[in-house]
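Below sits a lone chain in structure tokens, taken as the form predicted on its own.
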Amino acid sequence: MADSEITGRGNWNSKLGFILAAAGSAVGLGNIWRFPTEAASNGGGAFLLIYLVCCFLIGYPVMMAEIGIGRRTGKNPVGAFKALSSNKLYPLIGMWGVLCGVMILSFYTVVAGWTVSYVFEEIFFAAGMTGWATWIADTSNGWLNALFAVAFMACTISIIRSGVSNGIEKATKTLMPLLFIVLFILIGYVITQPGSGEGLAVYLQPDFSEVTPGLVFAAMGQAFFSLSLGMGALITYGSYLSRKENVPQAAALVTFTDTLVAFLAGLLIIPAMYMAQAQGISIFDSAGDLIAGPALIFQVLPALFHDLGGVLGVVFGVTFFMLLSVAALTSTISLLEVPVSYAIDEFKIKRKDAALYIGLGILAISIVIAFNTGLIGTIDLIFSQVGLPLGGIMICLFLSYVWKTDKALDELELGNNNFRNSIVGKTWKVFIMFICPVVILYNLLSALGLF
């Protein structure tokens, strides 16, 4: 079914389209600059194992819940809660998710723009234009930040305006395979270089002496953030899913794909860091911890690419930052689709207009942030580190005690007749009612320093 010109609602042309789009929503810069160093600094293979278990024990049940809510109602996050309860308070859960998506996109666009600027930085440096390279990589330059944010948002708006099947699905069917191809190429090169073996050992060898309750909860928190839960993106994407599709299976494939990308990112980043150390580049901060986050991506790794020099350095550098740009774009697509679907459903605005005007409105916030990047940490704390877990808890509680898990199980059985009697089906109810909200709440309070 093609997207309607009037409402802009549509559906996925295939299960693969949904899986790649949903996985693309989950895959983002955090998979590449946060997860690898988190794993390497917390027991390596032991953390990986615990993280994998947490993804499927905590993230997977919540993901099924969100997709199930979306498919059952065929609506955006706000409309979904309206459809499932007559109480006017519950749509606020969906509205919180929409707000979180908008605010996260407002700063994410700026950071995504940096990944594009560094593509040019690598080219300029290789061409001997070091002055230009330094200038274009200056993330404190508000005008440059704004310019690249505009370019990135323009690309995102263009995809969303094209619709679900002709825009989001087509884009992610290209971007996600491209992401995997680039990852494999870069990993293939890095793991053969001096110093990378030490990085592989740090990343993959399990150190179970590091396993503590704090480590387990850290892995749980990373799993939740990694899967793009709590902001309504998967409710929105689920609303475009055919009622014939197997939701538990689709959610499992999305969880697996996102986890695989995170694992592969570690295979690239940690060996590359130790490869950089072999070149004399410092990879530890003043506290003796591995450098992580933006400092890793925009300082340590560019220094490595510059040291490689020649054609190899520029090819490696450009390819790496193109990889980051692809990962960022798959996330910005879903972040913009959440408020756009809300405007389409609730206000009957045409998709092209909704995508353009909402995108421009968010871009206005992004430009403010571009000139004051110190706002990024505050917005991230409120709407990502606090907002997403809070949204996840509210979704679990709503499904458990308002919509009721039995009705949710009826929905999950469409396309999977034996789900209720399967091991996953029998345990899902317990996880979504008790275990998931308690664990997510603990992580939220821990992140706030209350535990």
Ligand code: PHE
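When you see a residue number, it is the position in the sequence shown, counting from 1. Since we're looking at a predicted model, the values are computed, not measured. Only the largest set of C-alpha atoms that superpose within 1.5 Å between the two forms is called the rigid core.
What comes next is about the form predicted in complex with the named molecule, which is not displayed.
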item: Per-stretch contact check against the named molecule in the model of the complex, the hit in 397 to 405, 29 to 37, 420 to 428, 55 to 63 (non-hydrogen atom, 4.5 angstroms); value: 29 to 37
item: 4.5 Å heavy atom contact with the named molecule in the model of the complex for all of Tyr108, Ser226 and Leu335; value: yes
item: Asn443 within 4.5 Å of the named molecule in the model of the complex, heavy atoms; value: no
item: Ser331, heavy atom within 4.5 angstroms of the named molecule in the model of the complex; value: yes
item: Residue contact check: Leu301 to the named molecule in the model of the complex, 4.5 Å heavy atom; value: no
item: Contact test in the model of the complex: Ala233 vs the named molecule, heavy atoms, 4.5 Å; value: yes
item: Core-superposed C-alpha of Pro36 shifting 2 Å or more between this form and the one not shown; value: yes
